[in-house]
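Just the one chain here, laid out as C-alpha cells, in the form predicted alone.
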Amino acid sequence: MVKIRIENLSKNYGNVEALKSVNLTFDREGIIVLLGPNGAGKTTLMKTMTGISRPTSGDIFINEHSVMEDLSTALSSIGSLVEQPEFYPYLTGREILNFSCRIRGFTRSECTERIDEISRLTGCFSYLDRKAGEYSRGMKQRLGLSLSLLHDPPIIILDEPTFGLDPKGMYQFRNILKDINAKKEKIIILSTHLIGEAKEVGDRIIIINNGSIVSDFENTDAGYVRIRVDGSKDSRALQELASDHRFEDGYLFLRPDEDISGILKRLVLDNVRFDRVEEYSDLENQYIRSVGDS
C-alpha cells in the first residue's frame, strides 16, 4: 500500500509562514487536488514533498521513509512536475526523455519501449524529434509530465499542470490525467487555483489558505441547476418537485441531466413564479467560505 504521511510540517521564509503545522495522510489511489488561491502554500508544500525545499520543522514520510533523513529512498516512489518545466533548447524531446530514462538504470531497449508508451499516453509522441527550444508551453507541459511518468512511479505530484494553457490544452491535459487515473493505481496529487478544475478531476479536494489546511473532503459535487421560485404552498407541481429534489431558501435544485426546460414549463403552467435559473456548485460556495476574501 502506497502511503504519504505529513507530520506537523512548517516552512518559513524569513518572517513569512508559508506552511503552518500541516498534517495530512494520503493512503488511497486517486486524484487529490490541493485547491487554494495564489500564495496559499500549495507550491511550497509540493516543493517540500519532492525534496526541492527543506521544511523549517516537521517531516514527510513516503512509504515510511523520511524525506528529511532518507531523501533518495523516499523520492524513488515519486514522479513530479513542479512549476513550469524548462529544458535544454538544443536537445530534442526524445533525447531528454532518453537521458532521464538511462540515468534511472533502464536499458536502451527498455527506454525505447517506455518512451514510446509514455509519449503516446501524454500526447507528445508526434514532436519528440523536434528541439525543445521550439516547444510551446503546452508541449513542454506534456514533455514534463512524460518525464514524471517514465519510471512508472506510484505517486505523481503535479504543481498547477494546466497553468498557462489555452482552453483546449487544459481540456486535453485533464483528460490525460483522467486516463492515467483510470488505467493505473496511483496517487496523483495536483495543485490548482481553479475551482472548476478541482471539481472536474478531483476524487478528494483539500483547500489550503495562508499556509494551513482549511477543508478536506471527498468530491461528490456534481453541480446543480437551481431555480429561485416564490415558494407558493398552493402549487402542486412545486410540492411534487420539492418532495424528491433539494429545496431550500426558496431555491429548487435540479440535476444538470434532468429535463430542465420541461420542469420550467411545468412550473409556468402551474402559475409558479421564478426569477432566476443558474448553475450552482456546493464546492464553489465551500471554497468561498473557507478562504474568505483572500
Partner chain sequence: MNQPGNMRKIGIVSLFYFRNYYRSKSFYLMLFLVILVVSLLTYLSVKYFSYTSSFPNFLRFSSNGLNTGLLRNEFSFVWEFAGTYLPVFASVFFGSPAISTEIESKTAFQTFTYPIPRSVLFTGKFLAAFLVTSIIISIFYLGQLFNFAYLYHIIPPGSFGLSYLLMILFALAMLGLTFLLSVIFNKNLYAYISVFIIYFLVFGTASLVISFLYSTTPFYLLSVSAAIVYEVYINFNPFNFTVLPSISPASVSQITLYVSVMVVYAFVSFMSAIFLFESKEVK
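Positions refer to the first chain, counted from 1. Please read these numbers as outputs of a predicted model, since none were measured by experiment.
Not on display, but discussed next: the form predicted in complex with the partner chain.
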From the list G58, G39, G51, G30, which entry has a heavy atom within 4.5 Å of the partner chain in the predicted complex?
G51
Candidate from S100, S212, N219, T112 lying within 4.5 Å of the partner chain in the predicted complex - any heavy atom
S100
For the partner chain, considered in the predicted complex: do all three of T162, K186 and I207 come within 4.5 Å of it, counting heavy atoms only?
no
Taking heavy atoms only, is K131 within 4.5 angstroms of the partner chain in the predicted complex?
yes
How about D166: is it within 4.5 Å of the partner chain in the predicted complex, going by heavy atoms?
no
Using a 4.5 Å heavy atom cut-off, state whether E95 contacts the partner chain in the predicted complex.
yes
Can any non-hydrogen atom of Y88 be found within 4.5 angstroms of the partner chain in the predicted complex?
yes
Using a 4.5 Å heavy atom cut-off, which of 173-181, 119-127, 196-204, 103-111 contacts the partner chain in the predicted complex?
103-111
Within 4.5 Å of the partner chain in the predicted complex: residues from 167-198 (heavy atom criterion):
none
